[in-house]
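As structure tokens, the next two blocks hold two forms of the same chain, structure 1 and structure 2.
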Structure 1
Amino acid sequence: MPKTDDEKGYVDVVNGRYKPRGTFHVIEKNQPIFNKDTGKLAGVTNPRDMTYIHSYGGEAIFFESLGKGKLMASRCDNEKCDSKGSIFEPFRIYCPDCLRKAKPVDITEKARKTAKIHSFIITERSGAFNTLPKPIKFVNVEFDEEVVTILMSVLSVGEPEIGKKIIPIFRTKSPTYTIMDLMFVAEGTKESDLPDGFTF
């Protein structure tokens, strides 16, 4: 049963500290585990209902931008670094080589023009807490040569194929502020075919 709003936990940052409000960890009593063949006690269950609180730190700009329909990456602009000009997607706060702050850059247009599938996988499997419809079509997205890495995402509309051109879409209505706000669709997909809440 989904929780009502009253049963959910929320967190704000106030005066530089996390401030939880609402309900966390509904307690559920443990149960014994018996061996049905021997009737003997084997162990116990330990139910847990936990909520983790997590900072995005310097990556927050990436996750916040998705809901605004923007794909942010970062670029090393350090003149003294061998990797100067390299664009990182996944977004990296620091250049992994010179450890200087990388500059956030908007690669939405670049992605629309150059994104294509480097590899992919289609699977019916998923783990607990999955919210993606199945089968899940994982795609690894390469951009132009400036982008030195290959982003993992999900193909929401269309069939994946290596080398196929794809277009980013964004959950701009009720964003989750997670990587789930970014997906891709095959080139030529109509706006009306996008999943709920997503726009180009």
Structure 2
Amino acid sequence: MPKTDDEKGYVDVVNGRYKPRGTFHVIEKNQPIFNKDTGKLAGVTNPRDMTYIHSYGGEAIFFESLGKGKLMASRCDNEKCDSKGSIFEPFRIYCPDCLRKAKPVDITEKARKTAKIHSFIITERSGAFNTLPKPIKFVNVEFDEEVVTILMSVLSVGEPEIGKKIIPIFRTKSPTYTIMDLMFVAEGTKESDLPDGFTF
């Protein structure tokens, strides 16, 4: 059962420190588990509702930008690094080769022009707390040669095929500030066919 606003945990940042308020842990009543064949006690449920604080740190720009319809990546600009000019998507705070702080770069237009399916998998089953409609079409997305990494995402409209051109879409209405604010669709998809809350 969803928590009421009074039961939820909220967090603000004040003077550079997290300031939690509200309820973060809700304990519910245990329920016995009986064996229907024998009538004997077999166990007990142990329901708990926990809210975790997940800090984004240097990756916050990536997640905030998704809700604004932008795909941010990072680039190594270190003149002494063999990877200078390499763009990393998913976003990396530091270059994995020289360990210098990478520069955030907007690759939205690059993604619109060059994104294609590198590989894919379709699954009918999912883990706990899945919010995606099934079957889920997971795609590994490659961009042009400047982007040296591959991004895993979801194809929400269209059928996956290796090498197929795809376009990023963004949850700009009520963003979640998670990776779920980014998905892809097959090239040629109409805006009216996008999932609720998503735009090009």
Partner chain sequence: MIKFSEKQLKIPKLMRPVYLATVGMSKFDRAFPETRTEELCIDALTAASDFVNMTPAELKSYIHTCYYGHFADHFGDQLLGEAVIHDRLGLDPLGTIGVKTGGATGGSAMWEAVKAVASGYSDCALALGWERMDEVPTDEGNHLISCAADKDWETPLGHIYTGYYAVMAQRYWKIFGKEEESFRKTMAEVAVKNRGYARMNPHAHGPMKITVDDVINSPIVAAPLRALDCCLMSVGAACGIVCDEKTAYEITNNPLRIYIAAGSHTLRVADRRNMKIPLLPNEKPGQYDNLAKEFPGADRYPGFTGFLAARMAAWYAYRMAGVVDPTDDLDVVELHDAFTISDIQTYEDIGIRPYGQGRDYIESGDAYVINPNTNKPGALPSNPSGGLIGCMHAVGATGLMQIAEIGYHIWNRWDEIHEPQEKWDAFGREKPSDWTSLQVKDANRGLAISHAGVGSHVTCTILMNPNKLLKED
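Sequence positions of structure 1, starting at 1, serve as the residue numbers. Rigid core: the largest C-alpha set superposing within 1.5 Å between the two forms. The structure displayed is predicted, hence computed values, not measured ones.
Remark: the form predicted on its own is the source of structure 2; structure 1 originates elsewhere. Superposed on the core, the two forms barely differ at residue 189: its CA moves less than 2 Å between the two structures. The Cα shift for residue 58 between the two structures, taken after rigid core superposition, is smaller than 2 angstroms.
Comparing the forms between the two structures on their rigid core, the Cα displacement of residue 177 stays under 2 Å.
Relative to the superposed core, residue 21 moves its CA by 2.5 Å between the two structures.
Relative displacement of the residue 42 Cα between the two structures on rigid core alignment is 5.7 Å.
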